[in-house]
Structure formats: structure tokens, C-alpha cells
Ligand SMILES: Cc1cc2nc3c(=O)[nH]c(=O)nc-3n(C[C@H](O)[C@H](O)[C@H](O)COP(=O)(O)OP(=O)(O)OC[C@H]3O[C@@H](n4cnc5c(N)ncnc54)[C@H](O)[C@@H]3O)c2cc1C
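Take a look at this single chain in C-alpha cells; it is the form predicted alone.
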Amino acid sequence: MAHVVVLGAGLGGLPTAYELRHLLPKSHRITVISDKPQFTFIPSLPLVAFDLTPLKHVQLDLERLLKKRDIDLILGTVTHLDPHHQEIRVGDRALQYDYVVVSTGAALDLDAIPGLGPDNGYTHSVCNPHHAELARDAWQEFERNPGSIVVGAVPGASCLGPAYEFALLAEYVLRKRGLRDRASVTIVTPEPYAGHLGIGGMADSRQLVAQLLQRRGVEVIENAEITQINEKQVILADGRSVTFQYAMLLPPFLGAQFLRDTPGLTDDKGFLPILPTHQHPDFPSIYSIGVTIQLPTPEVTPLPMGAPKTGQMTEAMGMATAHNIAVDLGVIASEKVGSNMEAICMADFGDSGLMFIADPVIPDPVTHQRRRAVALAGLWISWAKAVFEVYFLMKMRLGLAVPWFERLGLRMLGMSSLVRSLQPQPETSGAVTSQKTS
């Protein structure tokens, strides 16, 4: 009997645990370790910050989900990982593992810039449930005395979509509540241009984003290096300052502290190197998915930025990982697979939305092209994201990972299988296409 431990119970960890339970006979033990008792649908946290949905509506109780599926749950913070002896410590408790899946999500580098908050600074974030609730409380106070809003990211941040979503949701909420004429909205971003998103843009994303921000009266400061944040000001490297009454700035991500504390396991930011199978190159019993993996940036930018690792990408990594562990254990007579690293990002702006598809997120190293790059705009995307939230929470309640009908839906969007063969494929020729729908 093997013991497979999944570290983290978020968008990557929980579906991966479900897929492992689906693939592995009950003689194999599966344990999920989480530092929080709830699963949270993180993409909906901007809605929580604006009090458009209660936090409890996007959370599920992990004990209830896992107990009836023969998956063990340990609540606590991992303090030590010994890859040589295959041991994990959670407080005073030690666990031996045969395989471990690292899906801990992001630790936030809130010390990257003086004054970066919310814990010991002046800004807010929507990167975790606690921060979203703090952002909501501050927003309620802001509505009583509106003023200038600054939204964006500091150098080194990745996954810029939530910044645009937050800024445009703020503009939408202010309009709906009759406060728009009393507030300004400014985006401050390290991107070379708005719509770059840390991956060099997709299709006409630059044009779509610029037009949308102009229509909404949102100012943008591009290629902006934030060096300090005071109580009411964001200070830039070129000497400019931007005054705010309310600020939401995305911080850079790090790997979890216990990962950074393990010699030889990660890079200096705590991200794990992976083989195409998602295994660590030096410790084959360790698999890694989601934010925790090393992922090169698609291009060098004047200011440092991280490459985004979206929820859909993370799910695909989890499906490949579960398959490969089943192969390791002899449950599946198959070759190992990799994930396709195709990214879908949906941003809800209240009465509009944007969807970006990067296939794959990292372009071909030779041609510097993607198979497909798509930018879509319209009110239907706002509806689609709301429907997807309901769907994702439903499948987590039902104990499903990526069921056949979801895979069919992805294929209808033009996405290939979530996993890919690692065997050499015959060369094919064909043009790379970019698409835009508005």
C-alpha cells in the first residue's frame, strides 16, 4: 500500500486528490494537508471585496468533502519536508509518504516594497480569503468617503488579470451606487503596456484593454516601478507619486516557507523545478503543480514580472500528476504524460468581461509563437465566469476532478486534451492564428 500526500486543498490540490482517489484502488492511502478548513474558490475573491457575494458562498468544508471519499484530512501548517527520508512534519506530527504532490499555492512577498499591505502596510490584496475580507471592510469605509483609487501590481508580480478585474469592478460598483463622479480609478502596472499580462499579450489584448479602460475613464501608468508606499501615496522610481484613498496592489509570489527552508529543493523564491512529468528532477517522489512550479517568463521585460499560472493550467497539471503517480504504482499500464500548459483567464467587470486563451502560455522557444492566442470581450464573459463558479463548486461537492463533459467543453473552445504525450510527435506545418471577438 502506498501513501500519497497532497499538500494544499485549493484549485489544484483538491481536484488532484479527487483524481488520485478515482484512479487508485482503496488499498492506497491518500492524505490532504491544508492550513485552512475550507476550500475557497479564489477567482471570486474580488467579488467578496466589493461585497457582491459573501465569502461563505465561495467556500466549502473540507472535512465534509473528503471524509465520505476515503481521503484523509490533516489541518495544520507544514513546517518541514525531508525529501531524502520522505517525511513531512505538521507541527509535532511526522508523516511518511511514498509520493507527495506540492500544491500549496502562493505565499505573498509582502516585504517586497515598504508599505505593501495589508498586514503591515497601507494597501489591500485579494490573494486569500482573509485579505479579501479586509479589502471588503476597507471598501465599505471608502464608499462613505470616496476619493482616488489605485489598483495594480508591484514589480515581480504575476497573474495580472485580477488587477484589471478589480479596477474595472471598482468602476462598475461606483457607477451602480452613484459614486463614480466622486472617485478616480488609476491602474499602476509593471507591464510594458496594459494588456501584456506577463506573457507578451494575446491576440489584440493590448488594443482591447486600452479601449475598455478609455471607455471606463480609467487612467493607466505603464512600466511603473513602485518603490515605496506611504499612508496615502504610491511612490514610483521616476519620482512620481500617485495619491490614493483606497489601494489594491498585487504582491510578488513566493513558495511556501517550508519549501524555501529545504536545501536543494527550490530556487531562491521557493519555486520547484519540474520535469515534463511534473516530478522534481532530483527527488522523483515529489510532484509539483500550480503556483509552486518554476515557469520561465515568455519574454524579458524592462521590469521583472512572473509568468501566470492559471487555475485551468493548475487543474491540468494535477490530472497529469495523478495519472503519472498511478503509472508509478502500476495501476495504469501507460506512458507518463505532461500537462499542455494552456491557459484560460476570465475577468468579470460587472457589465462586461474579457477572456484570454494562451495555447500554450509559454511560446515555442524556436518560433516564439503560440499555437493559438485568443482575446474575447463581451458581457457574456461576465455571465460565463459566474456560471463557472457555480459549476466548479458543484463538482467539488460531488468529488469530481475534470469530468468528461468539462473536457468536451474545453475542446469546444479549441483547447486540446488537458494532458499530452511525452513521446516525440511527427512534425506538422501550419500557421499560428490569433483571434479577437468583441
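From 1 onward, residues are counted along the sequence shown. It should be emphasised that the depicted structure is a prediction, and the values quoted were computed from it without experimental measurement.
The same protein also has a form predicted together with this ligand, omitted here; what follows describes it.
Proximity of residue 303 to this ligand in the model of the complex: non-hydrogen atoms within 4.5 Å are absent; the residue sits far from the partner.
At a distance threshold of 4.5 angstroms between non-hydrogen atoms, residue 258 is in contact with this ligand in the model of the complex. The closest non-hydrogen atom of residue 309 lies within 4.5 Å of this ligand in the model of the complex. Though the partner is left out of this view, residue 159 does reach within 4.5 Å of this ligand in the model of the complex, counting heavy atoms only. When you look in the model of the complex, the only residue of 123, 339, 103, 324 with a non-hydrogen atom within 4.5 Å of this ligand is 103. Think of it this way: in the model of the complex, this ligand has a heavy atom of just one of 194, 319, 149, 344 within 4.5 Å, and the residue is 344. The stretch that touches this ligand in the model of the complex, counting heavy atoms within 4.5 Å, is 311-319, out of 227-235, 171-179, 311-319, 203-211.
Residues of 21-35 that come within 4.5 Å of this ligand in the model of the complex, judged by any heavy atom, are 33, 34, 35 in sequence order.
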